[in-house]
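Take a look at this single chain, the form predicted on its own, given in structure tokens.
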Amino acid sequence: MKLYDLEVSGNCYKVRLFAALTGIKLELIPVDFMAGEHKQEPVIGINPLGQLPVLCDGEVKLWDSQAILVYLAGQYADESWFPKEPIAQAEVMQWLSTAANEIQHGPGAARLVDKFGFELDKATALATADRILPILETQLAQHDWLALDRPTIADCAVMPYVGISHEGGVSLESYPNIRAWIDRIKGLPGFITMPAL
């Protein structure tokens, strides 16, 4: 199973983290983002958006980190990570959507501006971070994990861009429950890190 990967990408790290926590073996294929390899074959042939990560598992070819997490959890991990029961599954999915929206466009986008020089609206990214982090803090004040009172793919999806939010000028100093949650994830057997985390 191959993962077309960028080491500093939080979206790629989500997949690497989940695979490490569950013992799923991935062959990492580094993609030279600065040279534009993500806009060339084989990546562009699988993901027409030219984005990473991209997963190839035999005939299965997937893009989007949240979709890849759902696939890997359903295909290779025990059901605790992504349950089949509809209400429990929906509880996890709402956090996957948050990861792809508010987290990506808040702390994630602020990091793209500061660390990589992307021409995005930093003020909007910071405002989005200021809206979502208190919601995350409140959830984690009441629960150790985002969904179902146990680690799930929701935690793998949301944590990376929150954990490296300082690279975009977003501080977690006033969010003790978020910081404690990140530490809990770091304490899980098999945990791996990424640069700046």
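Keep in mind it's a predicted model, so treat the numbers as computed, not measured. Counting begins at 1, following the sequence as shown.
Below: the form predicted in complex with a further copy of the same chain, not depicted.
Enquirer: Indicate whether Leu96 is a 4.5 Å heavy atom neighbour of a further copy of the same chain in the model of the complex.
Expert: So Leu96 counts as contacting a further copy of the same chain.
Enquirer: According to a 4.5 angstroms non-hydrogen atom cut-off, is Asp64 in contact with a further copy of the same chain in the model of the complex?
Expert: Contact with a further copy of the same chain, yes.
Enquirer: Does Ser80 reach a further copy of the same chain in the model of the complex, with heavy atoms at most 4.5 Å apart?
Expert: Outside the cut-off, so no.
Enquirer: I'd like to know whether Met34 contacts a further copy of the same chain in the model of the complex, with contact meaning heavy atoms within 4.5 angstroms.
Expert: Close contact is absent here: in the model of the complex, Met34 is far from a further copy of the same chain, nothing within 4.5 Å, heavy atoms only.
Enquirer: Select from the listed residues Ile132, Cys56, Leu148, Ile29 the one whose heavy atoms reach within 4.5 Å of a further copy of the same chain in the model of the complex.
Expert: Of the listed residues, the single hit is Ile132.
Enquirer: Would Gln75, Ile87 and Asp121 all count as contacting a further copy of the same chain in the model of the complex, using a 4.5 Å heavy atom cut-off?
Expert: Looking in the model of the complex, the three residues Gln75, Ile87 and Asp121 all sit within 4.5 Å of a further copy of the same chain (heavy atoms).
Enquirer: Pull the contact list for 97-112: residues with a heavy atom within 4.5 Å of a further copy of the same chain in the model of the complex, in sequence order.
Expert: The stretch touches the partner through Ser97, Thr98, Ala100, Asn101, Glu102, Gln104, His105.
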